[in-house]
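In structure tokens, the next block holds one chain alone, the form predicted on its own.
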Amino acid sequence: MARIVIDQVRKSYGALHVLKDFSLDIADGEFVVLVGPSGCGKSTMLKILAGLEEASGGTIRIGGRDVTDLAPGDRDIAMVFQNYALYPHLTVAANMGFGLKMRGTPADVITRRVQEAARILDVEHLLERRPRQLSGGQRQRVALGRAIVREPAAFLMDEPLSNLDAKLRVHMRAEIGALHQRLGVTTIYVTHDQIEAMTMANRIVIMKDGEIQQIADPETMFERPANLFVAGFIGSPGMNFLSARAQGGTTRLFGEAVPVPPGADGDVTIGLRPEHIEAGPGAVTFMARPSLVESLGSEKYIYFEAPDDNRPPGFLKQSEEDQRGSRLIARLVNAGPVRIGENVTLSFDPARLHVFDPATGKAIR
């Protein structure tokens, strides 16, 4: 186990700046997730940590030791890749112990560590099989086992679950979380999936265009996003955004006056999460006519148009993939029948609103 300190790390390819003064202090035994859209620099940062790529500037310390210029094998880390990277001609046991064998570790030590890792991961019955005889989830366990037997100071995981189906990803998320609790090894995990980040991390680092947008625990990230990008990225479905004008501590949403923070004045962007909209009357009540209803059993996603006065600008999207435009979403639990084209009464608590400066994107508290 080890503390990891990343200090103003930069990475450039000519005029292209992939990482811009990336700084992060990771405590001993912490589970930190780097998350963001494709191309934000998260995997590049992980490769620099592993020594697979050279930084253009900055320093990296692992366990108090400067490893910035050390080779990968000298950094005391173990990496778990997206594609498992198993040797097809070797057994599971040989795959798990291969790295130790290359380092000249005695055979009895290799056997003991492989057996211990296999027991932890529940793959003891698979040790004599070849990778082609394993399922996707079993192969990922073997890849994790290969990292565990190294007994490293830190685990680096690069989207290890992205090749698995949705149900197996949920199962493996829980397994990796339990494994971290058991081993207590400092872990840096890279993903583009914000649900993985929210369910697994002690702290989340949200990145965009090579820069850190916010560092916080999952609850803080959800409840107090630092800017519009973070607000739209975290949450499923993404946060609803509306345009409004604030004056004297109030603004108008859905034709009703609602309070806003004292610092809000002039044009503002209001954020309202789908799960904070409820069926029936409440503090602020309005009528909506659904254009689409998605039923998921105990909950429904209701899509409806924002009022003309509160429609967001055309460039404002809930996330990189979200093309809703002026449509809003309400996530209703046990709401009863809701039909397309028929008015439904909805409400929200103004205390749940998020207010942002549309020019800078920063949150207004």
Partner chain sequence: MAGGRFSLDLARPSRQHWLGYILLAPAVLLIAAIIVYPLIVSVDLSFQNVGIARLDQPRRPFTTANYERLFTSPDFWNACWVTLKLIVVVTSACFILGLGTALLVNNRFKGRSVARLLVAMPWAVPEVIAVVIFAWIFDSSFGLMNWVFLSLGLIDKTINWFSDPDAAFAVVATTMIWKGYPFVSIMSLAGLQSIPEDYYAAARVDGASALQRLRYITLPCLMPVIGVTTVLVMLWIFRDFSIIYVLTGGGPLKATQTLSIMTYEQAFSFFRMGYASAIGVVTLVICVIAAKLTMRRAPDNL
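Numbering follows the first chain given and starts at 1. From a predicted model like this one, the values you see are computed outputs, not experimental measurements.
What comes next is about the form predicted in complex with its partner chain, which does not appear here.
Contact check for A174: every heavy atom lies farther than 4.5 Å from its partner chain in the model of the complex. Put simply, L86 is close to its partner chain in the model of the complex: some heavy atom of it is within 4.5 Å. For the chain shown alone, G73 is a contact residue for its partner chain in the model of the complex, at least one non-hydrogen atom being within 4.5 angstroms. Mapping the unseen interface onto this chain, R119 falls outside it, with no heavy atom inside 4.5 Å of its partner chain in the model of the complex. No member of the trio K167, H192 and G271 reaches its partner chain in the model of the complex with any non-hydrogen atom inside 4.5 Å. This chain lacks the partner; the member of A288, A78, L253, I212 within 4.5 angstroms of its partner chain in the model of the complex by a non-hydrogen atom is A78. Partner contacts here mean any heavy atom within 4.5 Å of its partner chain in the model of the complex, and among 86 to 94, 230 to 238, 120 to 128, 257 to 265 they occur only in 86 to 94. Residues of 99 to 131 placing a heavy atom within 4.5 Å of its partner chain in the model of the complex, in sequence order: G99, K101, M102, R103, R130.
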